[in-house]
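The form predicted alone is given below as one chain in structure tokens.
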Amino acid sequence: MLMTLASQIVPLDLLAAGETARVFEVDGRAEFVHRLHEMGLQPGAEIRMLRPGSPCILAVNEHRLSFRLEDSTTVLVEVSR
């Protein structure tokens, strides 16, 4: 995946409300990662943080997702700033 010079890779939980990003990587327990991918949270997907925290609420495509990240799961996103 190509990263531009003006972008940063950060954990999902660092996004502020209203901030948009592109999913860079989802890592963790295979079953949970698979479930997140099925929900649309996969590398390359554009997301918008609607409500940070746990659970967080994200806009992914035309859908809204609410979930709690497991301690063993990391979602990295690319933020253009």
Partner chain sequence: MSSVAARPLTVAVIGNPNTGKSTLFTALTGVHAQIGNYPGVTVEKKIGRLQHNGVQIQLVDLPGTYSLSPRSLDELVSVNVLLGRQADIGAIDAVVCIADASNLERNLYVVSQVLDLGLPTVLVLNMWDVAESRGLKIDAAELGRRLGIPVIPCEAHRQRHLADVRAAIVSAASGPPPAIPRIFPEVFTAAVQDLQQRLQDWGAGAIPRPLAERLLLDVGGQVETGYRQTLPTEFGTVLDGLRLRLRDQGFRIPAGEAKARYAWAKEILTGVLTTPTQRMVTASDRIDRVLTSRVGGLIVFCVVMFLVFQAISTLAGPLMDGTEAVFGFAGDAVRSVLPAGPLRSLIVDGAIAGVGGVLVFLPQICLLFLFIAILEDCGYMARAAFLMDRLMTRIGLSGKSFVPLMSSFACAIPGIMATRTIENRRDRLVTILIAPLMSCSARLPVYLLLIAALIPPITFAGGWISLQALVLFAAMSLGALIAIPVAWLLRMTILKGETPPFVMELPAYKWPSPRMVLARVYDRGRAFVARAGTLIFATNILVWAASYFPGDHTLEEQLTTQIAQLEESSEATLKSRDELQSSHETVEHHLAALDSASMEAEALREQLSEIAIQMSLVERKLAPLTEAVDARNAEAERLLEHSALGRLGRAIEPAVIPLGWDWKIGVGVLASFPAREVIIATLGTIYSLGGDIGEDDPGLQQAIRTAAWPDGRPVFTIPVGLSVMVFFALCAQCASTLMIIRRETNSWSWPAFTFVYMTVLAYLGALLTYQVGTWWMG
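A quick note: this is a predicted structure, and the numbers were derived from the prediction, not measured. Residue numbers count along the first chain shown, from 1.
The same protein has a further form, the form predicted in complex with the partner chain, not shown here; the description that follows concerns it.
- Does Val10 make contact with the partner chain in the predicted complex, using a 4.5 Å heavy atom cut-off? It does not: once the partner chain is placed as it appears in the predicted complex, Val10 has no heavy atom within 4.5 Å of it.
- Item | 4.5 angstroms heavy atom contact with the partner chain in the predicted complex for Leu14 | No.
- Message: I'd like to know whether Leu69 contacts the partner chain in the predicted complex, with contact meaning heavy atoms within 4.5 angstroms.
- Response: Although the partner chain is absent here, Leu69 would touch it in the predicted complex, with heavy atoms inside 4.5 Å.
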